[in-house]
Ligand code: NDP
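Here you get one chain, nothing else, as structure tokens; it is the form predicted on its own.
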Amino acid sequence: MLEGRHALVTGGGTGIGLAIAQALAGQGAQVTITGRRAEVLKDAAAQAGGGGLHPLVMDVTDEAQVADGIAQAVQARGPVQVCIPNAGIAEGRALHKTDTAFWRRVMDTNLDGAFWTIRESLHSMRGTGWGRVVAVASIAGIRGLAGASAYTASKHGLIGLIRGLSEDYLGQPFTFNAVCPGYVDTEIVSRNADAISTRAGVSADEARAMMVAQNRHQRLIAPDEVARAVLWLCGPGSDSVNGQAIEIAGGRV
């Protein structure tokens, strides 16, 4: 259903981003996957086979890199018609221990990076007759997440950006939505389990169980579940779904 479309997925070399990229490529899209580590991106593209994934080294916290990288991708594969700002960091820290450097690192990645990615993609998308922007937010964008005020603020901001854009382009052939997963079975959960273990004085298994318990259906979400939701938002019949923050958390958050 996406034959001939060019999609761009930031943070597309691992985890949720890679699952989304593979799903889009499976529907015929040519997918530019971005990230900071060239080898990770190259390995992801090679494993996909068929030439559907195209690696591009790009740090979303660097405005110039985002502008130059997306311009290169457009020159190589045409206008970006599916934009997936997925790159993000998920780290918690109590507010009284949050210095400005940590706050800025979270915002630079999760919010500023998404803003630059969408803006630069829109330059080419607006010249076409169809486009989809699906941001990967979080349940933290729907409700507060204890011990992670900076992360929560960044994801609330991302959903606000999506909702504002959906209003800006009402009546035009472009939609803007966000998916909001709970805890997903990726490397991020493993890293957070170690961090929680150290901070709370519990075992890594106990820390993992604490995260699992936050999902209403009491299990981790598979990356492919998020990818299928994104695919639906890019597929036939999704034209009237716009400005939404779709929870993927095993139940109402």
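Just so you know, these numbers come straight off a predicted model, no measurement behind them. Residue indices: 1-based, along the sequence shown.
Quick note: we don't show the form predicted in complex with this ligand, though the next part is all about it.
Contact annotation: R132 falls outside 4.5 Å of this ligand in the model of the complex, judged by heavy atom distances. This ligand in the model of the complex is approached by V136, whose closest heavy atom lies within 4.5 angstroms of it. In the model of the complex, at least one heavy atom of T61 sits within 4.5 Å of this ligand. R36 belongs to the set of residues with a heavy atom inside 4.5 Å of this ligand in the model of the complex.
Checked against this ligand in the model of the complex, the candidates A48, A67, A204, I188 yield a single residue with a heavy atom inside 4.5 Å, and that residue is I188.
Contact annotation: of the candidates I118, A87, A148, L165, the single residue with a non-hydrogen atom within 4.5 angstroms of this ligand in the model of the complex is A87. With the partner left out here, this ligand still marks one of 120 to 128, 94 to 102, 174 to 182, 67 to 75 in the model of the complex; by a 4.5 Å heavy atom cut-off that stretch is 174 to 182. In the model of the complex, T109 is the single residue of 91 to 119 with at least one heavy atom within 4.5 Å of this ligand.
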